[in-house]
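Taking the form predicted alone, here's one chain by itself in C-alpha cells.
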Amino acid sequence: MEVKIRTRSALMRLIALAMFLTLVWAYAQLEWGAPQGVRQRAVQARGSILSADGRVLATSVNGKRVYPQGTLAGQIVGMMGDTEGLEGLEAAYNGPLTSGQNLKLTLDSQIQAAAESALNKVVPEHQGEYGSVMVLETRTGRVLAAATYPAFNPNDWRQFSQEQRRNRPFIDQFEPGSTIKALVVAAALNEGLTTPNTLYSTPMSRFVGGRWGSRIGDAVAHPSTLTTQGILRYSSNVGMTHIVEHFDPKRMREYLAQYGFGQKVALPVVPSGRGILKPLEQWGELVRATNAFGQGMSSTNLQLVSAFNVLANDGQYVAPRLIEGSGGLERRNVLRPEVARSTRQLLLNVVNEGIFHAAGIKGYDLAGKTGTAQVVVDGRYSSTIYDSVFAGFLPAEAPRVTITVMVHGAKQRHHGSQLAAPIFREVSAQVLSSWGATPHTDTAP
C-alpha cells in the first residue's frame, strides 16, 4: 500500500512538473514572439498597401511580408515585424491592416518615383546629407509624392538605421527661409498694406528692433529701391522689413497660423511634426521682421507644401491627405482669390526674370520662390550648414500641383537657386510629361 502511494506521489510530481514546464514554454512564446505558425497566419491575413495607380507597395506572400517596389515610398510605407507594423503606415494603420483591410494611398507611383529620382541624382552632386520632396494635388490636397533621400528598402529594414527610416517630409522641422516671403507678401496684399508696384528704400542692410534689435542684411546685390515685385525677385530681407513695418503683429501671426504653421496637420493617424511659431507675447518688432523672411520659425515640408498650396488654390487652405477617403476635409479661406492670383503672377515673374535657368522649363509657366536658411547649431546660426529650399506650383495661371523641396547640409552650391530649384524643375518636367502637356510658344526665356 505504501509503495503504491509513493508511486502515485511521484507520478503527480511529474505531472505537476510537466504542467509547470508547459506554462513556462507558453509564457516564453508570449515574451519572445508567437509560434511560427501563428506568425505566418498573422502575416498572411494582413491587408496590402497600394498606390493610387494600383502599384502594390506592401503585401503578404507565403507567410512573409514583402515590398514589391523596393525603395519606392519606403519611409512612408514603413515595415512590419513578426506580427505587427513597426514604423510608417504599417504601424499607423496596424489595426485595419491586421483585420485584412487593404490601404489605398493617394500617392502616384510615377510622380513618387520622379521625386525620389531627382533627389537621388541632385543631392549627392552637392554632397547633401538628406532631403525631401512633397507634391500636392492643388484642389484636393491629395499627396501625390512624399519622397526622402537617402532611400530606404523595407525588405531589408534591419540593414538601415533609424535615421534612414525616418519619414522626413512629414517629421523633419526646419526654418523655411525666404520661401515664406511669398506668403507674407500675399498676406500684406490681402490686408491692403502693399501693392505689387509699391516702391521701398532698400539699402543692403538696416537696423530693426530698437534698443534690443539687430541689423538685417541682404545677400544678393540689388538696386537701392525695389518694388514689392523686386523684393521677391532679389529676395531682399531689408525689403520685407519695410513691407511688414505696419503689419499688426497679432494679425500677421494669425495669417501664418492660417497657412498652417505652428499647427497640427489634420492628417489622420500618420505622425507629423507641428513646427514652431512663437507665441504672440514674443512678437516684438524684430520677431515680426525675421518671421517675414522665414527665420525664427520652423516648418515641416508637409506644412510648407500645404501653405504654398493656398496660393495655388485661389487663397483656400485644404488639409493634405495620404489615404484615399480619409482626411482632406479641413478647408478655410485665407486670402481673397484675386490676391492669390496676383501673388502667383509675382512668383511667375520671379522664375522667369530671375532664376529661369534653375527653376524654369521653356514652353511652360512655373512659379515659385527659393529659400536658403542657416541652420541653428548649439543655439547659434551656423555659417557653414544650410537648408536649401524651394516652393512652387504649375502651371502658374491655374495650378494643378504644388511642389516643395528641402535639402539639408549641402557642402557644395547650397543656395536654394543652385540646389532646391533644379530639383523642383526636374520633378516638374516629369509631372508635365506624365500629363502629356504640350508647351506654348509665348513664354519668357
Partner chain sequence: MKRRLNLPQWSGASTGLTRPDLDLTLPTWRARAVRYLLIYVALVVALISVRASTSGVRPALREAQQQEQTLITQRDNLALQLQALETPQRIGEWARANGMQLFAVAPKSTADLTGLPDVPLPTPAPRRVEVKTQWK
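These numbers come from a predicted model, not from an experiment. Numbering follows the first chain given and starts at 1.
Separately, the form predicted in complex with the partner chain exists; it is not shown, and the next lines address it.
Shown alone here, R55 lies within 4.5 Å of the partner chain in the predicted bound form, counting heavy atoms only. Mapping the unseen interface onto this chain, E116 counts among the residues with a heavy atom inside 4.5 Å of the partner chain in the predicted bound form. Shown alone here, Q69 lies within 4.5 Å of the partner chain in the predicted bound form, counting heavy atoms only. In the predicted bound form, the partner chain lies farther than 4.5 Å from every heavy atom of S326. The stretch that touches the partner chain in the predicted bound form, counting heavy atoms within 4.5 Å, is 360-368, out of 304-312, 132-140, 360-368, 75-83. Interface residue among Q263, Q110, T198, N349 relative to the partner chain in the predicted bound form, by the heavy atom within 4.5 Å criterion: Q110.
Interface residue among A398, V61, V377, A45, judged by heavy atoms within 4.5 Å of the partner chain in the predicted bound form: V61.
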